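Shown next as structure tokens: one chain only, the form predicted on its own.
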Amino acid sequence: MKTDLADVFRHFRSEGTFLKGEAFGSGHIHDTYKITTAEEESPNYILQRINTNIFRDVEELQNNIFQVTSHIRRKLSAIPGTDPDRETLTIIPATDGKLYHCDDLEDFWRAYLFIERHRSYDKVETTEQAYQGGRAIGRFETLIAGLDPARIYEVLPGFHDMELRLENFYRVLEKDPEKRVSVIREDIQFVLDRAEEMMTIQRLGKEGKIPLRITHNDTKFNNVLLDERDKSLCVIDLDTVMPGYIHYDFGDAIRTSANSTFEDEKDLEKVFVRLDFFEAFTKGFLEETRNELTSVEKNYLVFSTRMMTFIIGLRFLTDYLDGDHYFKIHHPGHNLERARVQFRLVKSMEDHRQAMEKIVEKFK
């Protein structure tokens, strides 16, 4: 049955009347629509059907986003020349005052103010884009600083928990349900050789040597909006905002923005870390965060790039061994190909570690 977007939209405290609704963006999690209003002076909106298979507690999810955006809005309002309606997401409440609407089919919906005159990119094409992405994510980290992580609900428990991810891997490795272990010994050994080192950030956190912060946890480049001049504007897709370490966001951003190719590239010779893109992103990121981060946090930024690339590769490899239940695949062996790309990128980062450390040192 086709969704009546006009009917859903009328349940939110919007300005203007519904003119049309059309699918919007390249996201794969929620169903997203841009709502255009009839009146020229009225704003337009984003309407999303929330994927409750992944985000089961919609109330906590929306409360997280509301707390984060409200905190950012308060900070922006104190800075001359800022435009909070464009520099952070704006949740539109439902007519009953809730931060979401549940329809007769028990689908959950939410609405945001549409941010006009923005650009987004699925892949970083230039070092200037990488620099602006670093600025946007760095500014986001600075703006949410000061918000107590204890107030934010962990919507996806263990999302970047290396200990948990390794335990899952070992369990599947022992069961070998698809009898695939024997043909990927080298990939398994790659994991085993690095498993202990990859626990470093969690150990530092437990020892109190790095602070627990609120982090975005999904800092791929298409979650950054640039303005009409391709300058940093804001960070979106706040579903995964949770307590975490700064290294989750920096590492994952480099994994996606400084990778030379796509995550399912078959020719591993094409996979390497682009140092010029790494430098551009790091420059922008540290321009915004150098006064916020501790020296220990800065010292482990380069390590975080290997860690976050490793954990994604580990998840792909675990899913391959387990029969490809979690990640959608397009052909047999797809998850193994993805894992090998991530592991090749880890190796490139290891080979270029000294150069990357010098770059961080230059800007910190």
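The first residue of the sequence shown is number 1, and the count goes up from there. In this text, the rigid core denotes the largest set of C-alpha atoms whose superposition between the two forms falls within 1.5 Å. All of these numbers come straight from a predicted model, not from anything done at the bench.
Another form, the form predicted in complex with adenosine-5'-diphosphate, is not on view; read the next lines as being about it.
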query	finding
Partner-contacting position among 32, 70, 36, 52 - heavy atom within 4.5 Å of adenosine-5'-diphosphate in the model of the complex	32
adenosine-5'-diphosphate: the contacting residue among 266, 123, 151, 118 in the model of the complex [heavy atom, 4.5 Å]	118
Check all three, 25, 225 and 239, heavy atom within 4.5 Å of adenosine-5'-diphosphate in the model of the complex	yes
Partner-proximal stretch of 143-151, 130-138, 106-114, 189-197 relative to adenosine-5'-diphosphate in the model of the complex, 4.5 angstroms, heavy atom	106-114
Residue 336 within 4.5 Å of adenosine-5'-diphosphate in the model of the complex, heavy atoms	no
Residue 46: touches adenosine-5'-diphosphate in the model of the complex, heavy atom cutoff 4.5 angstroms	yes
Residue 155 within 4.5 Å of adenosine-5'-diphosphate in the model of the complex, heavy atoms	no
Close approach of residue 184 to adenosine-5'-diphosphate in the model of the complex, 4.5 Å, heavy atom	no
Heavy atom contacts to adenosine-5'-diphosphate in the model of the complex at 4.5 Å, residues of 66-103 in sequence order	89
Exceeds or equals 2 Å, Cα of residue 326 between the shown form and the other one, core fit	yes
Flag for residue 288, CA shift 2 Å or larger between the shown form and the other one after aligning core	no
After fitting the core, residue 301 CA displacement of 2 Å or more between the shown form and the other one	no
